[in-house]
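The data below hold one chain only, encoded as structure tokens and taken in the form predicted on its own.
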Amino acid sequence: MTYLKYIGKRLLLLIPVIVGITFVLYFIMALSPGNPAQLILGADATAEQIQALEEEMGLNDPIIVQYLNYMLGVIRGDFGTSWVSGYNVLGEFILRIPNTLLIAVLATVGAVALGIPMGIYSAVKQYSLFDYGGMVVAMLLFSVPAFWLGIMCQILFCLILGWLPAAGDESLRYFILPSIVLGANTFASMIRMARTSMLDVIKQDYIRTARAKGAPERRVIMRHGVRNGLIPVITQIGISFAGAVGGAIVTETIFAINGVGMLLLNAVKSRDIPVVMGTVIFVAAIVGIINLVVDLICAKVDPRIDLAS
């Protein structure tokens, strides 16, 4: 019952967050330079045609009225249609979100599978050559911009070696390189977070007590150290995955993947407000749900976390 009440409370708190995000975003988009009706009709449109389209789209109403009309439609499940292309926003998002989720999952799983063991081993072998090497790799991946890393990977793996395709989303092979690029920053985060967390844990009294009782070092680390050091790492995994879902624009642009990032980028360029608003609402909801799942996992791993409080 505690879990259900907590889930219900968090989902309710997600509503004002989405409202606040959409309110600010709608005003920014509506007040930005340019006329959506002019963009839709083109440079050859007459003033009468532009005025008629503005009236049809409700652009002559006050901005607050436009926003309220849009949100009333969202409550009814109507996220509108694209002003530029005419497609249904909800249908287009459902069509594109699998590509974005696939990249985010592959990037996060790969980064976690490699980064956490490296971070734990670096903490156990502190100040060793492996530890210094891991920190250098983490700092480099933190510093390298995603667009530069993506281009360099395309040149190396696609043009020079010919191992992977450079762009597209036709099969799973096309998602390998984008996942590596998107997961590079997460990989660095996992190394640093796992190392820092484990260093804090292995200095605790109960670790020294377990060693003093003659427990094997492997058992001390895996049973007593890793589990207690997982809480901040799990939180970081959730943050990284949410960031991968919401921040895949650069990766999808470089590798020409028809995902949510490309959809949002093209909509912003053309001031396609229904698409921008709908995409942001969906992504905000996904990120909120991911954070909720992370909190539930942390409570399951560490019984000391009291969700009721």
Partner chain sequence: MKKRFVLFLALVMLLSLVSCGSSPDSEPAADNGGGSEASGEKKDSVILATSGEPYLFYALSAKGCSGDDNLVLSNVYDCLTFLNDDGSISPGLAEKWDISEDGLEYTFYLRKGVKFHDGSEMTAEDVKFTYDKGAEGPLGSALFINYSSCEILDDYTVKITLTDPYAAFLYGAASRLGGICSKAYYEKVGDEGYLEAPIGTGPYKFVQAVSGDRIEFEAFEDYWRGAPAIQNVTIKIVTDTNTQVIGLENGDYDVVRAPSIETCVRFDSNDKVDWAYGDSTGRITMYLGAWGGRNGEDKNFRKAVQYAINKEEINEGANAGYATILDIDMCPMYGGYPSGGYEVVEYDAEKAKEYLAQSSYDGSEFDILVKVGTTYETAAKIIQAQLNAVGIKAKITAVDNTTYSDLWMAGNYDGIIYDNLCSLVDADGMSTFFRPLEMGYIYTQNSQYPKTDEIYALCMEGRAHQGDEREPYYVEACNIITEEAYLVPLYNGLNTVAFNAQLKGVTAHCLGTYNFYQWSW
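Positions refer to the first chain, counted from 1. All values reported here derive from a predicted model rather than from experimental measurement.
Another form, the form predicted together with its partner chain, is not on view; read the next lines as being about it.
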Worksheet item: Would its partner chain in the predicted complex be within 4.5 angstroms of a non-hydrogen atom of every residue among 84, 158 and 170?
Response: yes
Worksheet entry | Heavy atom of residue 132 within 4.5 Å of its partner chain in the predicted complex | no
Worksheet item: Does residue 212 make contact with its partner chain in the predicted complex, using a 4.5 Å heavy atom cut-off?
Response: no
Item to complete: Answer with yes or no whether residue 46 is in contact with its partner chain in the predicted complex, where contact means some heavy atom within 4.5 Å.
Response: yes
Practice prompt. State yes or no: in the predicted complex, is some non-hydrogen atom of residue 118 no more than 4.5 angstroms from a non-hydrogen atom of its partner chain?
Written response: yes
Worksheet item: Which of 170 to 178, 101 to 109, 71 to 79, 189 to 197 has heavy atoms within 4.5 Å of its partner chain in the predicted complex?
Response: 170 to 178
Worksheet entry | Heavy atom within 4.5 Å of its partner chain in the predicted complex - residue from 127, 206, 163, 148 | 163
Practice prompt. Within 4.5 Å of its partner chain in the predicted complex, which residues of 189 to 217 have a heavy atom? Give them in sequence order, or say none.
Written response: none
